[in-house]
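Next up: a single chain in structure tokens, the form predicted on its own.
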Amino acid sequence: MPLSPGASVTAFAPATTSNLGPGFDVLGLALDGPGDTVTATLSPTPGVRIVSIEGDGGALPLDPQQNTAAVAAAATLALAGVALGVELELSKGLPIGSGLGSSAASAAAAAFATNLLIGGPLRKRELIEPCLDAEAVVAGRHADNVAPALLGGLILVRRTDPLDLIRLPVPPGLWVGLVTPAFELQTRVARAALPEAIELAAMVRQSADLAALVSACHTGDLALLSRCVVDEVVAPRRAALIPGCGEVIAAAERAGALGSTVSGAGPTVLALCRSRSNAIEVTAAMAAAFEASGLSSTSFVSTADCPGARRR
């Protein structure tokens, strides 16, 4: 335990991508690239306060009841049974409403930093519950982003209540290319576009694709994986909200991607690729397709087996 006010810990949590085609709300993958950084400082004033946010353009609330970083920090203190004051400084490295787990990264970094600040009484997996409380404030109680943001790698969320997570192996050599257009798509809007019910035949196909994807991960079968990065239920509804999305996905596949789809709620589009060089080529093709649709974009490539939250 820190001995005096002023002690601080800084932590980083990475971007994540979720769904990966058929795994709506159950699959999440940590990425190597941008993310959020949180510094937690011990304060003599009880409770959690946010003292600064940078990189958000003034969009995020300082209200600790409405900000995922503060909610996660407070829930971490409560779970650990510790009554202390904590001040948070949040540096956003992820665009808001991007489909890269922005709110989850803030929550994960804050929970991880707060836990270290009080001596590390909780394991990483235990920090998922505080982060779920945080996500519930802005996006619903979903673990497909917070779990990989904390734990790293590829995570299957079997249940959130009670929490039941399964770490899946990542096929050797798998890379991810991600392109984010200059177009904000709020998660609530992307969720509102989803159907309230799906046909039985579509559910059967979606279940089969998810099962095959899990099998491909265990066997390292990239050919099988390429047949599974499909979603006829969620992604088409979200793609319709993103200008040029269909052309971007088609461009990725023409450039040799194993498969391409909307990342999480969008508007980022991801492509699974068989190598770094393939990912670079595919990402360039996707960016060019967005440009042709009138949208500038940012992009990065990542290995598919990346660490989660860590100290900075």
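We number the residues from 1 along the sequence you see. Nothing here was measured: the structure is a model prediction, and the numbers come from that model.
Below, we turn to the form predicted together with a small molecule, even though it does not appear here.
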query: Non-hydrogen atom within 4.5 Å of the small molecule in the model of the complex for each of T41, L117 and R311; finding: no
query: Partner contact for A265 in the model of the complex: the small molecule, 4.5 angstroms, heavy atom; finding: yes
query: Interface membership of N19, the small molecule in the model of the complex, 4.5 Å heavy atom rule; finding: yes
query: 4.5 Å heavy atom contact, R237 to the small molecule in the model of the complex; finding: no
query: H142 within 4.5 Å of the small molecule in the model of the complex, heavy atoms; finding: yes
query: Interface segment, criterion being heavy atoms within 4.5 Å of the small molecule in the model of the complex, picked from 23-31, 41-49, 241-249, 58-66; finding: 23-31
query: Contact residue in the model of the complex, from R167, R227, R158, R191 (heavy atom within 4.5 Å of the small molecule); finding: R191
